[in-house]
Ligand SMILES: Cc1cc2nc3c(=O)[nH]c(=O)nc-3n(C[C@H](O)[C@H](O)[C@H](O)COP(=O)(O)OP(=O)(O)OC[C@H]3O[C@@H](n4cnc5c(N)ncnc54)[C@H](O)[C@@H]3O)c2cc1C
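Take a look at this single chain, the form predicted alone, given in structure tokens.
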Amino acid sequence: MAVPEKADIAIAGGGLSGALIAYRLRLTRPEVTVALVEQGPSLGGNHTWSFHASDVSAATYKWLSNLVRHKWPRQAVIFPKFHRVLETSYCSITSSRLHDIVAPLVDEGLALNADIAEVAPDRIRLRDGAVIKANAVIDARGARTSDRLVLGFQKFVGQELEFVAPHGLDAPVIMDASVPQEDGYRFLYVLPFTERIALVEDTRYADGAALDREALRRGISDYCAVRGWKISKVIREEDGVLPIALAGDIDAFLDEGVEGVAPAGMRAALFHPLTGYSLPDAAGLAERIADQDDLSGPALARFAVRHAASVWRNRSFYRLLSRMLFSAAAPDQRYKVLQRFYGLPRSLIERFYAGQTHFGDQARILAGKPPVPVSRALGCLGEEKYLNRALAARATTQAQGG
């Protein structure tokens, strides 16, 4: 595929965030030329992104709806002490659907199998020497390593499976934590696509980012066996390691980016600090970028940095809960935190996932006997102190060669 020579806006990275920005611009600002540069053979890679319908506004869902491949009117959670069905719609976008819809819209501005060597305020340079010149550049190449963030990890392997007989599910199971707890908080996640096909993911909220694919594959196989689901075929497999935000210096993190280039997606730390969901943030940023009167490079970079910093600061409560989950709860007891949370009112749970928790919700979540030791919970208060302790411990480990 030919590489475009210039564009009003060039986007580095054709994952969820980059693709949604391009999509929204093409829908609402057709006069703006867009170059979308992706290192892989298709947009979105090999992923499934899900969200609760209540995570986004009706107006946002309207333009996202063409990308939604699957939608269910309810969802379920399973814990050792209870099973609950929530009457909240749940939606999924697949990478193949994302590519099929967005790629034709971007058309000649799309560059696939493009290995990026440099991102600068006025260009994207590829390793083969090709240069895409632009009035503004957006960096949406995914997460980057930084000492300015303290993270836990949500890692998973998912397999889209075809079963010999119907699996019997009519709604997603977004958490089944009745399984043995291993490598932190463990749960199975199941999306029933047809009566015999489902995506089954083994997920761990773990302290380390190492992904043992074979162990998680065994977890999926064992889970299906317990449920009585005989697998006839593995259609495809996806995996990932998502960040869970415990603490951080957002200004220092954003300063590490390329000056004059607008960060997006994981490059802007735009994800729910505790759940790891990123689609609502990606859609929100795409809308806001497309609504900007000034789409020049400097203006767009300033806007994106301010937006990312504001979103981060408004989510300090969620990072507190992440610290309690990872630092106050023993790994094999972390499920109790979520088990207690899912006993709360549905409207509160919906606001939590949407990042719209208000003060009353926060009080309700923290009220009563905590599911973690009080002494350890107190050590999670104060994000700056926690950050400094974590950075000092990291520096000591590095000095010791760990």
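Since the structure is predicted, the reported quantities are computational estimates derived from the model, not experimental observations. Residue numbers run from 1 along the displayed sequence.
Beyond the structure shown, there is the form predicted in complex with the ligand, which is absent from this document and is the topic of what follows.
Using a 4.5 angstroms limit between non-hydrogen atoms, Asp115 touches the ligand in the predicted complex. Contact check for Ser278: a non-hydrogen atom falls within 4.5 Å of the ligand in the predicted complex.
Interface residue remark: Met266 is counted as part of the site for the ligand in the predicted complex, having a heavy atom within 4.5 Å.
Using a 4.5 Å cutoff between non-hydrogen atoms, Leu321 does not count as a contact of the ligand in the predicted complex. Gly240 is the sole member of Gly284, Pro121, Pro331, Gly240 with a non-hydrogen atom lying within 4.5 angstroms of the ligand in the predicted complex.
Proximity to the ligand in the predicted complex, defined as a heavy atom within 4.5 Å, holds among Trp229, Phe156, Phe326, Phe79 only for Phe156. With respect to the ligand in the predicted complex, the three residues Gly152, Asp176 and Ser178 uniformly fall beyond 4.5 angstroms at the level of their nearest heavy atom. Screening 336-344, 49-57, 351-359, 65-73 for residues having heavy atoms within 4.5 Å of the ligand in the predicted complex returns a single hit, 49-57. Contacts between stretch 297-326 and the ligand, counted in the predicted complex as any heavy atom lying within 4.5 Å, involve no residue at all.
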